[in-house]
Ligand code: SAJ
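A single chain comes next, written as structure tokens; it is the form predicted alone.
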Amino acid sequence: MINVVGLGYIGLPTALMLADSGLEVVGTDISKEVINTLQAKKVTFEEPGLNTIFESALEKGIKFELEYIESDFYIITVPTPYDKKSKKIDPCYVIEAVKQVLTVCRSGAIIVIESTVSPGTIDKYIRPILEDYGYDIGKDIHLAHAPERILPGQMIRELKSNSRTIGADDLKIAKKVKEIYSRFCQGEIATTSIRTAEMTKVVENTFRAINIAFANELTKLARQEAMDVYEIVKIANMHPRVNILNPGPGVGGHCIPVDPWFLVGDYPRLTNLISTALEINESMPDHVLNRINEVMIENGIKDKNKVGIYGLTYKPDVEDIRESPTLQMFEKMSDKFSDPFRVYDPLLNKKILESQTLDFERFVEESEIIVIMQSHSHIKENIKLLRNKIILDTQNFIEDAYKL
């Protein structure tokens, strides 16, 4: 039996995939609301393909409980928040999950930590716990790290197709963990040490953050020189060894804007390039605010209530709002924009901001300037409704709009 601990964006799809492959799985979460919803045979968030795999897993006997289960195999997928001031990971949820596992696990159990952690977290925080409990690591308990590599909106497909990394102290344990993940993962699965697995996941997202930062800095350079950054990127990318990304209004989600800070927090003297890149990305919501102000002045609009912000989620057609550039922008608003702009997102059916409206037609009617922060399919399908509006398009899909 496999006990998957933490049934959020990573844990639930992982548990469902394992159950669908024919393994006996129990999913555990501390949230009564989450467990009650799942026991009522309803998923807790929207994701393409999730309902289908959920129904299949139910048929094959997956269970959902508040309590940890006696088992010899655990997968921990709880959140790992970080302190925005110190830029260091807070492993409290992982620590508590491990402690709870130790109260019920069988001798020789394998604990797989799938939560993204900073390099060295398992050595620094998890091993001492096992030793304090009197366990002989490598005999009584085995540790492994298998960081996730999936993208909201494509979770099910990427769980199947993406390659993975499994870190363990013992190659035999790594192979056992690999056998479990191979039940649904069709990609290559590399085995290595725990510290290397920890570092690999953080490095992957740091690489992406730096690439994004280059594009974002380039848009500021182009703006100062009154040049079209998108044309520059398009032409530069004609070079066979150049692949510049398009700039955006900021970086959202739980991985790219967060994971690189783990390295900066732990190695502040060795991460100058990384910290600068992250600061560039975090400056983009301010850049959007400046562009809004410029567009207002150019069009003689002084009333900020005439500005509507379209898009609250962090990526297209996904309801996830974690580290959303729009929410970051609202946090950064200066005195001249002290009250939030009107905002609308078709993927959110309940208000999370006071200035948010759930009526798209009213949102359009009451806005003279519409700032597109996210390129949902919805806005592309309703683009004709914006034909008499002034548009600031941060996603570069409307030809005759203002750009970043």
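A residue's number is simply how far along the shown sequence it sits, counting from 1. Keep in mind that what you see is a predicted model, and the values were worked out from it rather than measured.
There is another form of the same protein, the form predicted together with the ligand; it is not shown, and what comes next is about it.
**Student:** What is the one choice in 91, 250, 311, 308 with a heavy atom within 4.5 Å of the ligand in the predicted complex?
**Tutor:** Filtering the options by heavy-atom distance leaves 250.
**Student:** Which residue among 71, 275, 205, 191 has a heavy atom within 4.5 angstroms of the ligand in the predicted complex?
**Tutor:** Of the listed residues, the single hit is 205.
**Student:** Checking a candidate spot here: are 118, 197 and 210 all in contact with the ligand in the predicted complex (at least one heavy atom each within 4.5 Å)?
**Tutor:** Result no, not one residue of the spot touches the ligand.
**Student:** So which stretch, 75-83, 254-262, 135-143, 223-231, is the one near the ligand in the predicted complex (non-hydrogen atoms, 4.5 Å)?
**Tutor:** Of the options, only 254-262 has residues within 4.5 Å of the partner.
**Student:** Does any heavy atom of residue 100 come within 4.5 Å of a heavy atom of the ligand in the predicted complex?
**Tutor:** No, no contact at 4.5 Å.
**Student:** Please run the contact check for residue 148 against the ligand in the predicted complex: heavy atoms, 4.5 angstroms, yes or no?
**Tutor:** Residue-level check for residue 148: yes, a contact with the ligand.
**Student:** Does residue 246 make contact with the ligand in the predicted complex, using a 4.5 Å heavy atom cut-off?
**Tutor:** The answer is yes: residue 246 has a heavy atom within 4.5 Å of the ligand.
**Student:** Residue 167 versus the ligand, in the predicted complex: is there a non-hydrogen atom within 4.5 Å?
**Tutor:** No, no contact at 4.5 Å.
**Student:** Select from 303-329 the residues with a non-hydrogen atom within 4.5 Å of the ligand in the predicted complex and write them out in sequence order.
**Tutor:** Stretch hits, in order: 314, 315, 325.
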